[in-house]
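Take a look at this single chain in structure tokens; it is the form predicted on its own.
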């Protein structure tokens, strides 16, 4: 099926010679075409250009994008979308003054979700997660990484990963699965954390690999969670099964997680609220993508990662939603785009690159998604009537997406639904 999107007010992120990601000062560059067209053949972008240069041709479908912007669909490279229940009661505790760590110590947080995973069937987890996927697609997300990590037993982790596998098969979105058995230490192992690490290495990882359930392996390497030494043991065990490393790092303190991620060629290191000169130097010239999660800092009232300092140093940055029930209960990447500008002081161009081009790299799908490039998948957003791309982070809170197109097919039409 051949589709023409015509009369596009602005076509964003056109890329004739694709780069893996953009870094430093290049993040402030955003290639655009005004009064443009884009052609989709089945699931791929086959051509684009100025309307004045469009050749006569027959199309099976034409979409008139007058007064609209067209851009790559958002990539969200860090989420925990499969979870058993929301945790709004803990949010009330937070309002009353308890910290994230205090809530965790009294059995809340990750451990709360882990207890409830046992009670939920795979079907229940699947249905609730699919609803969340449909929700984020309505806000323009076309690709998402989903982590396990609320099981904390072999059975629980496999249950979550099997649900993610079903979502991969049934959802039109591009989905990557991440095994995060090292998300927290279960209460029964508090006096012998090493024994839980042994369980992850000797039982969980082989079981996950046997069923081919994960693309990545992750560890929460931070104060009060897993040490650098434990993280290295887990990543080395995962490498034997070709599980690509990603790390939760430096959310709560200077943990050594960033250095460990770079040492083990992690695809990304995520959170990074505590990032200093030493961490920036280690990341420089590495292939590891610094991925910032402003939603967690916003919701938990944490410090914000030093995004501007990182860009000035020449680093790339990606941003993700961290969609989860405890510390970032939203998968709205339009809000993340706005937080990038409001809290990190990113230019609109930098924020847009962070949730498209660089976020695709942080998911390992930069050859398929993230830019408007001939031959890439047609995962696209058509906006509502808005004046320009600078409006995207500025006008926060409203859904500015009219249509979400995944692999050439419109899966969300917000105007029709309205």
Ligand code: NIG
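Positions refer to the first chain, counted from 1. Note that this is a predicted model, so its numbers are computed, not measured.
One more form of this protein exists, namely the form predicted in complex with the named molecule; it is left out here, but the text below deals with it.
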| property | result |
| --- | --- |
| Segment assignment from 131-139, 303-311, 77-85, 160-168: heavy atom within 4.5 Å of the named molecule in the predicted complex | 77-85 |
| Among the candidates 143, 146, 200, 110, the residue which, in the predicted complex, approaches the named molecule to within 4.5 Å (heavy atoms) | 110 |
| Residue (of 340, 331, 325, 245) lying close to the named molecule in the predicted complex, criterion heavy atoms within 4.5 Å | 325 |
| Proximity of residue 150 to the named molecule in the predicted complex, heavy atoms at 4.5 Å | yes |
| In the predicted complex, residue 251 touching the named molecule (heavy atom, 4.5 Å) | yes |
| Non-hydrogen atom contact residue 176 with the named molecule in the predicted complex at 4.5 angstroms | no |
| Proximity of residue 196 to the named molecule in the predicted complex, heavy atoms at 4.5 Å | no |
| Contacts with the named molecule in the predicted complex - residues in 173-189 whose heavy atoms fall within 4.5 Å | 183 |
